[in-house]
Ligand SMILES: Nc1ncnc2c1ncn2[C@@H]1O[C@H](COP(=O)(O)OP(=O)(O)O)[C@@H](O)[C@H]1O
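A single chain, nothing else alongside it, follows as structure tokens in the form predicted alone.
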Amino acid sequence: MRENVISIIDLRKFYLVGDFVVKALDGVNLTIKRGDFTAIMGPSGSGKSTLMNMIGCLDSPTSGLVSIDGEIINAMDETELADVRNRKVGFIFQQFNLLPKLNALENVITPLLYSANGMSGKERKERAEYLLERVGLKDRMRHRPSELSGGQKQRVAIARALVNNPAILLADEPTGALDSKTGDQIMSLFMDLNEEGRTIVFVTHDRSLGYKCRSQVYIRDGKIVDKDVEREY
């Protein structure tokens, strides 16, 4: 039986805005097993971004339990959250978030410089080169982001997200800045990575993309309102 990589129990996140309490998440329960490919779907303001922040160790809950790859983050401070985030989660965003002055290879290497992995400079370089080859950018390693297409930038971002071998790939609208053909190519890459055993959480408001994932979670007004069971491709 596959183990849980994400466990969320009765999760609540409240914000005080003036005299009002905003219930961004209100009693969320969610389990994602290792190797799942799950879409978190919902309209703007539904709570999916707040849930993403919890899974990505970018924030702590008001109440409830959040366990990421066996580590409970509830009472962690910013330093502890940053450590779990660096070790356990690979982030892929709509706008790529690449460092413009660094080439593709240097962008992928960067997360390794902030982790206690004991790798030598040669090992870091070899790891980054391997991943860039894996995503089809063998011939573009020395190019800066300004010299890459949107799809190539997103492939660099995926390689960077994989470089620390995280338990979870967290993709937030990763095809939103791409044309449909390029978006389909990136989605196929995610599906290939999942077939290899990668756990992927795919945050989107686009149901056509969400339906390409193995399972879907629908969130509205801070609550999970529906789930579709995992299926084979």
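Note that residue numbering begins at 1 and tracks the sequence as displayed. None of these values were measured; they are calculated from a predicted model.
In what follows, reference is made to the form predicted together with the ligand, a form of this protein that is not presented.
Peer 1: Can you say which of 38-46, 62-70, 182-190, 160-168 gets within 4.5 Å of the ligand in the predicted complex, counting heavy atoms only?
Peer 2: Heavy atoms within 4.5 Å of the ligand in the predicted complex occur in 38-46.
Peer 1: Although the partner isn't part of this model, could you tell me whether I224 comes within 4.5 Å of the ligand in the predicted complex, counting any heavy atom of the residue?
Peer 2: I224: no, not in contact with the ligand in the predicted complex.
Peer 1: Any of the heavy atoms of A24 lying within 4.5 Å of the ligand in the predicted complex?
Peer 2: Close contact exists here: in the predicted complex, A24 approaches the ligand to within 4.5 Å, heavy atoms only.
Peer 1: Please run the contact check for V17 against the ligand in the predicted complex: heavy atoms, 4.5 angstroms, yes or no?
Peer 2: The answer is yes: V17 has a heavy atom within 4.5 Å of the ligand.
Peer 1: In the predicted complex, does T199 come within 4.5 Å of the ligand, counting heavy atoms only?
Peer 2: Close contact is absent here: in the predicted complex, T199 is far from the ligand, nothing within 4.5 Å, heavy atoms only.
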